[in-house]
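Presented as structure tokens, the chain that follows is alone, the form predicted on its own.
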């Protein structure tokens, strides 16, 4: 009833088209530190963004309250904010697409309704397994986070859309020590199926990986073949994810400007935006403008095939929006590098003289989206003739993003979605510059 009355008053006031976008987020956060429940928090937040076109300009009003007493204020604010807009971009309210994909399998009611005591017990059990895994474990922090996201869009052009998705993550961080060194291990799993969590496997991996890095030292500077662990490459890719936005291209903030249709990677590289990815709380069937989202290949077998668009950037480039208008800007939903057919061990065996990089740090500060250059602190292991050797730390891996994509020689089949929402396999790259001793 609120929306119908809002539309009626807005039209009478001279606002030609109006759109309401509702976003509700329910979140659960659990943290256990060294065996003790440190945090148990449930939050529920809502936001409503109302956009209206007045005299050809877009006015906006944002609120967390849906109350009929606010309707006059909303209408007046939209009109006043539209009057001061000096953007040359055309104001548009979208009439809708013929078809929107149904996302019935992206909301798991069982996850949402499961007794929270079981979730707390899962986290405590993982914490206990971390402590018991190795006597060198000194500090443990374990966490669980769950998110249910509901979005609704309705406008005066007759469009009414609704999505509901949920997902969760379980993971932990440990600090391991010996007489001379201290190292950190971390990992997590993202899913909307609680049955996917295997505490024994997760705790063993995190602790074993951390212990293996004890005694890590830098190596001599030089050119080394590289295998990036899937998490490490996902972090690196996340630092450059914005370059695929047409908005960034128009502003001169992307190294891909002028490269549409050209080869920017090896034939192994197919990079997609998958808005229907299962078990991801980011998945959507429509963007914030009401455009149907689409599975799209940004890079196909090394060739840059499209940019990500919202309505405005699509109009400027005389193309169709790709359904990537979110929060007033352009971004991917679920960015994924499609896997190859090699195991991680097979990729490592390809190396004659190189490094297996397990972690990179400072990706967003050490990466230039205009030039493509990056220089990142890294750690991992020496690899000689396909055999993993001593742990390595305090090294810097440097290169250029496009050249690195072009130098990708093989991809793993061990795809995983990381903390930054990027899905990647392990990646074998030709020689790169490494700064060490």
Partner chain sequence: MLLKKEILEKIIETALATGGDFAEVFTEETVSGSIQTVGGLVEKANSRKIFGIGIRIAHKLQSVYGFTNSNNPEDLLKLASDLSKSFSDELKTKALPLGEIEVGQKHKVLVSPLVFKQTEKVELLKKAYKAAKEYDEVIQQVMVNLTEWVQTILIANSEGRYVTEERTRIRLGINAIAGKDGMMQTGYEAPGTGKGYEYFLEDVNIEDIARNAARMAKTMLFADECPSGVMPVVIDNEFGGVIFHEACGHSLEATSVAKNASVFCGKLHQQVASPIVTAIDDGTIENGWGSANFDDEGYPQQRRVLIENGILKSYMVDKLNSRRMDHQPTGSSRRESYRYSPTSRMSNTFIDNGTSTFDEIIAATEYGLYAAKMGGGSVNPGSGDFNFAVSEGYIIRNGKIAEPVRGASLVGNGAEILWKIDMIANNLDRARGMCGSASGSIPADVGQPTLRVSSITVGGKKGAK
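Note that the structure is predicted; figures quoted are calculated from it, not measured. C-alpha atoms forming the largest set that superposes within 1.5 Å between two forms make up the rigid core. Numbering follows the first chain given and starts at 1.
One more form of this protein exists, namely the form predicted in complex with the partner chain; it is left out here, but the text below deals with it.
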item: Proximity of residue 361 to the partner chain in the predicted bound form, heavy atoms at 4.5 Å; value: yes
item: is_contact(residue 328, the partner chain) in the predicted bound form, heavy atom dist at most 4.5 Å; value: yes
item: Exercise: residue 89 in contact with the partner chain in the predicted bound form, heavy atom 4.5 Å; value: yes
item: Heavy atom of residue 198 within 4.5 Å of the partner chain in the predicted bound form; value: no
item: In the predicted bound form, segment of 284 to 292, 149 to 157, 252 to 260, 97 to 105 with a heavy atom within 4.5 Å of the partner chain; value: 252 to 260
item: Residue (of 183, 230, 296, 309) lying close to the partner chain in the predicted bound form, criterion heavy atoms within 4.5 Å; value: 183
item: Residues within 4.5 Å of the partner chain in the predicted bound form, restricted to 354 to 375 and counted by heavy atom; value: 361, 362, 364, 365, 366, 368, 370, 371, 373, 375
item: Large Cα shift (2 Å or above) at residue 394 between this form and the one not shown, core-fitted; value: no
item: Core-superposed comparison between this form and the one not shown, residue 385 Cα displacement 2 Å or beyond; value: no
item: Rigid core fit then residue 63 CA moved by 2 Å or more between this form and the one not shown; value: yes
